[in-house]
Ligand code: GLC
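So this first bit is one chain, no partners, the form predicted alone, shown in C-alpha cells.
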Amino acid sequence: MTEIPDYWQWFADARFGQFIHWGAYSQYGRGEQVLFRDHLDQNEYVSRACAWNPQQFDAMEWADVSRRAGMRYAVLTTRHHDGFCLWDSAHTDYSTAKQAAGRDFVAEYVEAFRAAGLRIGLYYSLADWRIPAYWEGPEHDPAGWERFRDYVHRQVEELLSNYGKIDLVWFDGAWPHSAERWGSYELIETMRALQPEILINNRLGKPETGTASADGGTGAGEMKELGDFGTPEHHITAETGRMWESCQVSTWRLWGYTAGEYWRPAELLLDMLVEAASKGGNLLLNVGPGPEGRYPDEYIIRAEVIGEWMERHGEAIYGSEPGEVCEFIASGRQTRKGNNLYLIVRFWGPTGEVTLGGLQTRVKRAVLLSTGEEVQFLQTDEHVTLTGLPIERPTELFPVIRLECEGPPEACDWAKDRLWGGDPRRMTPWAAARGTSVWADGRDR
C-alpha cells in the first residue's frame, strides 16, 4: 500500500466506524431510497419532509452507544439522494434548520461525537432526485446542470467551513455522471484548501479517460478512481494501493430505517469487523435511526455486545495489520501487530486444543486474552498446538489467543498462499512424500 501521511494514520488504526443513515425518509419506514424506489409524488414527499420534526433525537445518546460499541469514528448522512439537508444551509431552505424541526442536526452530531472522542465524518450525496438537471445532465440541460453543480460545490464548501475540523467526507450518488462532469478535481482542490488533512472516499465519479491520482492530481499516486480510500459495499474485499473500509448494514439489506427488517446477529456483525481487520481494512457498520431520532433497540443491544467484546479483545483489532499469515479458516481468523499474531477463534471446539499450521516464526508465549491466562503450546517445524484450553467457550463471542513471537509472524513457504491460490507446484514435495501412484501406498504396480 502507498505510504500514508501521519495525519491519516488514525483511520488505518481505527478499524471500526459508525455509519448513520438518517433523514426525512425514515418517516416512511421503507429504507433510505423510498422516494425513487416507490416513485413517490415529489410534492407530497417535500411536504412531508418539511413537516418532519423528530423530538427524540439526542446526539449525545447516539455518540454514547457508538463509543461503547468500540467505534472510533462516525459518518452521518448530511444529505441523501432525496436532497433534504440536515444542516442550516445558506443555499436552500430545504433543510431541518429552516423547516419544522428548526434544528441543525449536523451541528449537534458534530459536537456530541467530537466530545465523545470519535472522529467526525460527513456523508454527502452528489445526487438530488428533485432536480431535473441531475437527470438530464450537461448534454441536455447545460445551464441547469451548471447551476446544480455549483450548488453541490457550495454546499460541500459550507460543510467544511462551518463545523471546525472534519476528518472525513463520504461522497455518494455520482451515477450517472463522470468526475469531469461533477468538477470533482476542482472540488477536491477546494476541499484540501479548506481542510488540508481531510480524507475523501472514492465516490466522486469515475474519470472519463485514463487514471486519476489519489489526491486529485497533486501526485500522491495513481488510482483507478479519485479518493483516498476505497468503499466496498455489502462485501469485504481488500483493495491494493490505498486504505479501504467495507460499509455494511446491521440489518439484512437496507440502510435507512425499515419497519419489520430482520437484524443480523451480533456474532455476524463482529465477524464482519474481524474479517475486515484480518484483510487490512475497516468496517463501517450502519444504523438507521427511526423517524423520532432514536437508534433502534435491536441495534443498541448488538452494539453493546460487540462493545463488551472489544473492551477485552480490542488490541487484536485496533492498529492491526493484515493477519492471514497462514491457514486458519477452519477455526477462525487472524490479525497481527508487530511480533504478535492474534488467533480470533470463531469455532471453539470441545477438545481443549487449537492448532495452527504453517507458522514458521517461533512462538515465545501464548495468552488467552479472553481470560488473561497463559496457554501451553507445542511448536514443531510446521504446526503450533495450543493445549489446556477451556472446554467451554470462555467468552460469549469469539475467544482470542495472542501468540507472542520472536519476530514478525511469517509463514512457511507452503503456507504463504491460501488453498486454491499461489503456485500449485509448491505442494509437489508434500504430495510426493506419499509416492506417485493412485494406490494407497503410493507405489506403482
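All residue numbers refer to positions in the sequence shown, first residue = 1. Keep in mind that this is a model prediction, so the values were computed, not measured.
Beyond what is shown, the protein has a form predicted in complex with ligand GLC; the following relates to that form.
Engineer: Hey, with ligand GLC in the model of the complex, do Phe19, Glu32 and Arg203 all fall inside the 4.5 Å heavy atom range?
Structural biologist: Affirmative, all three are within 4.5 Å.
Engineer: Among the candidate residues Cys247, Leu273, Leu187, Ile120, which is the single one with a non-hydrogen atom no more than 4.5 Å from ligand GLC in the model of the complex?
Structural biologist: Filtering the options by heavy-atom distance leaves Cys247.
Engineer: So which of Tyr299, Phe328, Tyr73, Trp255 gets a non-hydrogen atom within 4.5 Å of ligand GLC in the model of the complex?
Structural biologist: Here the answer is residue option Trp255.
Engineer: Is Asp172 near ligand GLC? Define near as a heavy atom within 4.5 Å, in the model of the complex.
Structural biologist: Yes, Asp172 lies within 4.5 Å of ligand GLC in the model of the complex.
Engineer: Is there a heavy atom of His81 no more than 4.5 Å from a heavy atom of ligand GLC in the model of the complex?
Structural biologist: Residue-level check for His81: yes, a contact with ligand GLC.
Engineer: Wondering, does Glu233 line up within 4.5 Å of ligand GLC in the model of the complex on heavy atoms?
Structural biologist: Flag for Glu233 set to yes.
Engineer: If contact means any heavy atom within 4.5 Å, which of 105-113, 130-138, 301-309, 247-255 contacts ligand GLC in the model of the complex?
Structural biologist: Heavy-atom contact with the partner occurs in 247-255.
Engineer: Which residues within 260-294 place at least one heavy atom within 4.5 Å of ligand GLC in the model of the complex?
Structural biologist: Contacts from 260-294: none.
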